[in-house]
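Heads up, the chain below is alone and in the form predicted on its own; it's given as C-alpha cells.
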Amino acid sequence: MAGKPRLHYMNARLRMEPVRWLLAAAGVEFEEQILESREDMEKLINDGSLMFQQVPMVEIDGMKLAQTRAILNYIAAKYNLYGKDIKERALIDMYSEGIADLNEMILRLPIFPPDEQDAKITQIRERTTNRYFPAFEKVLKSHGQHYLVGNRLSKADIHLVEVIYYVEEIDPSLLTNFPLLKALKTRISNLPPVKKFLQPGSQRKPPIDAKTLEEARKIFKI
C-alpha cells in the first residue's frame, strides 16, 4: 500500500496551497515536510530531489513531482477530478488557468511595497468583478448545473472556491453580485472533506504576513 503524499514546502500558502486544497477535497491525507531554512532547501537540491532546483515538490506514487500545475493535474486525474473526456479536460484546464491568473495577482500582493499596495488591490478588485467572476458566473448560468464542467466536481471548482476565499479576505463585498458563485462556494465548502479542511487546526495555511514573507525570501533567495 502506497504511503501518504508528502509535500515539501515552507509552512505557508504560496504555491503549495492549491495542492493542499485539492488533496483535501479529494479526501486524501497527506504529510508535510516543512522547509524552515535555506539549508533545508539546499539539502533537497543537493540530494537531487528537485528536478528544477525549486519547490513545490510532492512525493506521490514513487515519484518526486515538481511544478505546481503538473502536480495538480496528476492529483486531479488520480482522484477523478479531471473530467470524463478530453473535451471536459480542455474546459477544466481553461477555467483553471484563468483562476490561476487571478490567484497569481493575489499571491504576489504582499511582495509589493506599501506605497503600491492600494493600486494593486484596486486592480484585483477590478479584475475580479469585471473579468473573472462574471466569466465563471456566466458558465454556471449557461448550463444551470451545480459544477463548472460536466455536472460533477472537478479541480476547477476547487481552485475557484479557494480563490473566492482569498478574494473575500481582501474585500468580502466582491462576491455580492454573483449568486451562482456564492452557491458554488457554499456547495463546495459543505463537502465533508472540504468542511474538515476549513476548520481550525487543519493543514490549511493562513494569509501571508510580514514574518512569513521574510522567511520565504531567505529560504527561496528571492
Partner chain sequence: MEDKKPKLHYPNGRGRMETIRWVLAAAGVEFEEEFLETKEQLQKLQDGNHLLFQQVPMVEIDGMKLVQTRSILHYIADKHNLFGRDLQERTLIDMYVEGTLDLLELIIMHPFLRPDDQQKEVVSMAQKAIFRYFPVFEKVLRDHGQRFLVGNQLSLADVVLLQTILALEEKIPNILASFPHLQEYSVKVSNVPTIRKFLEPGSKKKPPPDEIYVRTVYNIFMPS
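A quick note: this is a predicted structure, and the numbers were derived from the prediction, not measured. Positions refer to the first chain, counted from 1.
Beyond what is shown, the protein has a form predicted in complex with its partner chain; the following relates to that form.
Each of Met51, Gln67 and Tyr95 comes within 4.5 Å of its partner chain in the predicted complex, counting any heavy atom. Of the residues His143, Lys120, Arg131, Lys84, just one reaches its partner chain in the predicted complex with a heavy atom at 4.5 Å or closer; this is Arg131.
Under a 4.5 angstroms non-hydrogen atom cutoff, its partner chain in the predicted complex has Tyr74 among its neighbouring residues. Although the partner is absent here, Phe136 is a contact residue: one of its heavy atoms lies within 4.5 angstroms of its partner chain in the predicted complex.
Its partner chain is not shown here, but in the predicted complex it comes within 4.5 Å of a heavy atom of Met63. The shortest heavy atom separation between Ile111 and its partner chain in the predicted complex exceeds 4.5 Å. Note that among 186-194, 51-59, 26-34, 168-176, the stretch whose heavy atoms approach its partner chain to within 4.5 Å in the predicted complex is 51-59.
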